[in-house]
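Subsequent text provides structure tokens for two forms of one protein chain, presented individually as structure 1 and structure 2.
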Structure 1
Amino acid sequence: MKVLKFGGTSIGSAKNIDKVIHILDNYSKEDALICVVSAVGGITDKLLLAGKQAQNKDSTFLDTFNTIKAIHFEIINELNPDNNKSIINSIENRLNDLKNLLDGIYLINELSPKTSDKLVSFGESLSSFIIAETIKNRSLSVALKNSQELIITNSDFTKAEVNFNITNSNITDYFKSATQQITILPGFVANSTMGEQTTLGRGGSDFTAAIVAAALQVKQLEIWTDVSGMFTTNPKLVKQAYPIKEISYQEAMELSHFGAKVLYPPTVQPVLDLNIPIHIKNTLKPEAAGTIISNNATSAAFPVKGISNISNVALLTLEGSGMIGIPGFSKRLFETLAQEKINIILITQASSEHSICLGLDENNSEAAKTAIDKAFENEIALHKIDPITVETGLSIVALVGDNMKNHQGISGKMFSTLGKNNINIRAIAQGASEKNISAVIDKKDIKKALNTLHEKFFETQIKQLNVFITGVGNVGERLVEQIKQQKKYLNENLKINVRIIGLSNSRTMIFNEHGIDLNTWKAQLSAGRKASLEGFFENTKALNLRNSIFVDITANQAVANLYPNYLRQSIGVVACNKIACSSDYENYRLLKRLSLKYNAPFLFETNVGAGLPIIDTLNNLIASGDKITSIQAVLSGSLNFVFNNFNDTTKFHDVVKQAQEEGYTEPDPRIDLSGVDVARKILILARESGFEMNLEDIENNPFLSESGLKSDTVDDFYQTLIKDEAHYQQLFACAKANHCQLKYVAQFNNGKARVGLQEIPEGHPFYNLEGKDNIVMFYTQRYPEQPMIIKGAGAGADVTASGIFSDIIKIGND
């Protein structure tokens, strides 16, 4: 004999009930079946709503009643289109009884627990009758048995306690003589020893099935629902969650208590002592393996079996110096809540005995506070303890596993993982058995917490990076294409999954929390909503995704001003924009401090040498204990391109224009040619070397003509280049006469820095620097005579994009 239970979603429609009957038909060919059914999905809530409406003299209870009636009639007509008269007549009689009960509640303006049990029992009564009659119409051997005749309880209405001696005897006696192949039992409902209708509490249909399975000592209990077993975590919040193949009774109870809705916790108790396995199956996918719950499911290889959560939690704190060393405070606190029938979800107490924290359902928080403040009003009046404090809007996230106690570092890994994503922990609880580690966090962080922990404990250590890019122009377009091209490689070789979640240019912006399709991103962006710097930040913040990275590919002051906002939300910043790191020194230090405080990476390699690893090399030298004594560098690929292509047969205007069109200069070439860009770069290198400097401390010797320096617009500037051609030809001629090359050089020595155009003689490392290349020479205590040299392309969209990409990958490898 087998016991199967089908929940409300499994019988929530005629289509699903057909699937249930198909499963029963197949099973019944091999063995006799007991099928426990819940009410049709959502009906119990509607019955309670109708009762509450009637109690409140709200005549809309009739509308709710009619909705209940319509749902059941629709199912009957779909299941039995040609033979439903007798079923409808019987259902009409039951519905008339329901209507009379609601009318009575409306008249007397009262809904007692006893009446409530009678009211909600109609759900299972209706569903079980419809299913039994439908099976009968399909010529299968079936009988409907009222569970109220089998399961006997006390009179604790809404959550009655079972009298197992009488119940077990009733069940064994009935099935000893039963001849039908399929027995349909309504779940959840029972009778008291006084003959009154009772219920086993919400989720009690699972309990009914377990009671029957234990009484008959069947080989296995099957719980059929709408998911393929118990998952590693909530699959609605974590797409990578997957069904757990095997799990122990204790682990299942812990997960069920902490929000896994697949199983009602008391279900486990009747079958636990008898070691009857519970098999969780999916009605909609009967071929799926599901989850087996038994005593033989412990695996040392996987110490964490699941991650669960409870939302809408309130944290109540009782504290005060008057509690220290005084016995009885905890007893009085718990007794007060017990008298109010308020369930405690989590308890934690400081070793100093100065405070006790309790987690409970948010709906009970005000009643709990009122009761506790009243119980301790004398101590509060004498200032021995403080009035109880209540924090709402919280959730509990819990790691569950029998073998966690045998593995060191589980809790450390859990808390560090949450901390790295700026998820603040309000309270922690861990039982002595170490099967559960619970943390109270802000409700808004629950999705990020579950995804972060699931990635850490259950996935093949593929780190997901969620990237938000603003400034999708020439460089940004190259970056998107590089990410698209390398996605598979990063996944397979570096175990990094880079997803672009947000994109913005100066006109429009788009977001997709599941990742923007990189095959159609241009079309999506062109049709996106209006761009806004604050709006981009607010959307990034609201998505609250783990390992979020903001990428700035602009030269915009307003964007740079938003870096602190991102870092304070633990959103990493990768900056191509030099403005922030070359701004006032205090702002630069602030960004560094925020990066450390909120564990948010702040990387800006492309500030100095596009894709060249200049800052990375410098940081490695400093971290290893070396000290920078001098820096000599050609830091502008743009200016190097200009002076490598300018001679007495070309025009300076034309070369600068070419550099701009090929993407080697900023949109405003004056930034490059005035030396400001190079000054910012040497300033950043000096700061990264440990020196406190500001931009005005850099000596800048400009080579532009006076009119070029004073030009108001880019167009005006280009006109000055034409007018002052002789000035630039003179610079070239002088260098040529001295057998030198013109290079724009940045120098840092003894705490001082300067930038300017220099004539570089033959034999100097800078002399043969070609095209748009950069070169940096670091003189240090370890490299006093022969410097460490970094050389390569220092401008261009592709290499700049690759430098930004490298910073993103670096964050993924941390």
Structure 2
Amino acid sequence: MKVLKFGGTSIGSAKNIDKVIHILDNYSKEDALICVVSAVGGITDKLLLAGKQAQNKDSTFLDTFNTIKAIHFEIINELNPDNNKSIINSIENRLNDLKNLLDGIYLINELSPKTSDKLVSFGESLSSFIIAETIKNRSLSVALKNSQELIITNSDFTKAEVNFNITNSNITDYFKSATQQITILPGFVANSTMGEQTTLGRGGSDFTAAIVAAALQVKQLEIWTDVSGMFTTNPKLVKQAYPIKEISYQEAMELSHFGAKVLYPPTVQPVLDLNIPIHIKNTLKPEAAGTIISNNATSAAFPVKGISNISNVALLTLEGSGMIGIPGFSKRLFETLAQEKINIILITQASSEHSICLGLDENNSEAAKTAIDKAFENEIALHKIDPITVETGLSIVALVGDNMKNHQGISGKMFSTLGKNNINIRAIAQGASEKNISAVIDKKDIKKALNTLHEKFFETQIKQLNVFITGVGNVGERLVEQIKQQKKYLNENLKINVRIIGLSNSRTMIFNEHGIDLNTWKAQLSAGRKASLEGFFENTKALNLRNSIFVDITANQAVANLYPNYLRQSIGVVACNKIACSSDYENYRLLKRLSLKYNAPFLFETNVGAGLPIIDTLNNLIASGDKITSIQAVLSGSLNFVFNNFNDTTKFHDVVKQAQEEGYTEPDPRIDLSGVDVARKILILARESGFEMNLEDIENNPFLSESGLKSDTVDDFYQTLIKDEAHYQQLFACAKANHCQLKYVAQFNNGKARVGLQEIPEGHPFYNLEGKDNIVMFYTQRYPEQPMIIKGAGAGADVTASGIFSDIIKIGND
């Protein structure tokens, strides 16, 4: 004999009930079956809602009732299109009883726990009847037995305790003489010894099945639901979760106690002593292996078996110097809560005995506070203890595994993983058995916590980076394309999964929590909602994803102003925009501090030399103990392009225009030609070398004509280039006469920096610098005479995009 239980979703529609009958038909050829069924999915909630509405004199309870009625009728008609008269008649009678009960609640304005149990029992009563009759119509050997005649409890309504002596003998007596191949039993419902209708607690159909399985000592108990087993964590919140093949009773119990709803916690107890395995299966995918819960669960490669969570938790703290060393405080505290029938989920006590912290269901927190304050009235009046404090809006996340005790450092890894993702831990509990490590965190962080911990403990191989890009112009577009192209390589070789979650240009923005489809991103973006910098930040923050990275590919001051907001949320910042790092020194320091404090990387390699590894090299030199003495550099790809192409056969204006059109200059070319851009770059290098400096400290010898320097707009500026052509030809002629090349050079020496156009003689490393190339020479204590040189393309959309990309990957590799 086998016991199978089908949950609400398994019988939530005619189509699914068909699947259930198909499974029963197959199985019953080999064995007699007992099939425990829940109410149709969502009906218990609707019954309770109708009850509440009626109690509150809200006549919409009739609408709710009609919905319940319609759901059942639709199922009956679909399952039994030709032969449903007698089923409909019986169901109508039952629904009339339900309607009368609701009318009664409406009239007297009261819904006691006793009436509530009577009310919700309709759910299982209706579903079991419909299923039994449908199976009968298909000519299988079936009988419906009312569990209320078998399972006997005390009168603790809504979650009654089973009297196993009476129940077990009722069950064995009944099945001794039962001859049908399939017995349908409603789950969840029972009767008290006084003959009142009771229930076993929400989700209690699992328990019904376990009680029957244990009473009859069957070979196996099967719980059929809407997912393929007990997962490593809640699959609705973590996409990467996967079914656990085998798990011990203790682990399953612990996971379900801590929120894995797939199994009602008391279910394990009756079958545990008898060693009856529980098999969790998926009605919608019967071929999937599912999970076996038993004593023989082999220990997995991962010491952590699963992660679960409970939402809506309140933390109650009892504190005071009067508690220290005085026995009996805890006993009184727990007794008080027991008297109020309040369940404690988690307990922590500091070793100083100065405080005790309890985790409870949020709904019980007020009652708990009132009861405890009253119980300790005297001590509070004498200031021996403080009035109890209650914090709400919390959740518990728990790691579970029998084998955790044999592995060091699991709690350390858990807490550091949460900390790195800016998830604040309010309390910690770890039982001496070390089967469970729990942390109390803010409710809003739960999804992030589960995903981060799952990644850490179950997907060690793949790290997910969630990228939010602002500024998808020329460079941004290349970056998106590069990410798309490299996705597979990164996944396979570096075990990094880069997903773009947010994209924005100056007009529109889009978000997709599961990753934007990079084949259609352009069309999606142009149909996106109106862009705003604040809106982009607020959305990124609200998504609260682990390993989030904000990427700034603008040259916009307002975007740079928001970096602190991102960093404070532990969102990494990768900036191509130089404004932040070349702004006031205090701001630069602040960003560095925030990056450290919130464990949020702040990387800006492309601020100098586009994709060339200049800042990275500098950081490595310093980190390994070297000291920078001098820097000589040509740092402007755009100015290099301009002076390499400008000569006595070309026009200065035309060359500048070409540089802008090919994307080598900033959007405003004056920033390059005035030397400001190069000054910013040498400033950043000086700061990264450990010097405290501001932009005003950099000597700038401009080469532009007076009117060029004073131009108000970009158009005016171009006009001055035409007008002052002679001025620029003069610069070229002088250099040529001296057999020199014109290069715009940045220098840093003994704490002083300057930028300006220089005539470079033949033989100098800068002389042959081509196209838009950059060159940096670092003179350091270790490289005093022959400098460390980095040279290569220092401008262009592709190389800049790849520089940003490598900053992103660097974060992934950390």
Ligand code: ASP
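Only a predicted model underlies this, so the values are computations on that prediction, with no experimental measurement involved. For residue numbers, the reference is structure 1: its sequence is counted from 1. Here the rigid core means the biggest group of C-alpha atoms that line up within 1.5 Å when the two forms are laid on top of each other.
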Q. Which number goes with the form predicted alone?
A. 1
Q: Determine whether the C-alpha of L62 shifts by 2 Å or more between structures 1 and 2 once the rigid core is superposed.
A: yes
Q: Look at N406 and decide if its Cα position differs by 2 Å or more between structures 1 and 2 after superposing on the rigid core.
A: no
**Q.** Per-residue C-alpha change between structures 1 and 2, E124, threshold 2 Å, rigid core fit
**A.** yes
(Q) Could you tell me the distance the CA of G195 travels between structures 1 and 2 after a rigid core superposition, in angstrom? (A) 4.1
Q: Keeping the rigid core fixed, work out how far the Cα of N170 travels between structures 1 and 2, to one decimal in Å.
A: 3.0
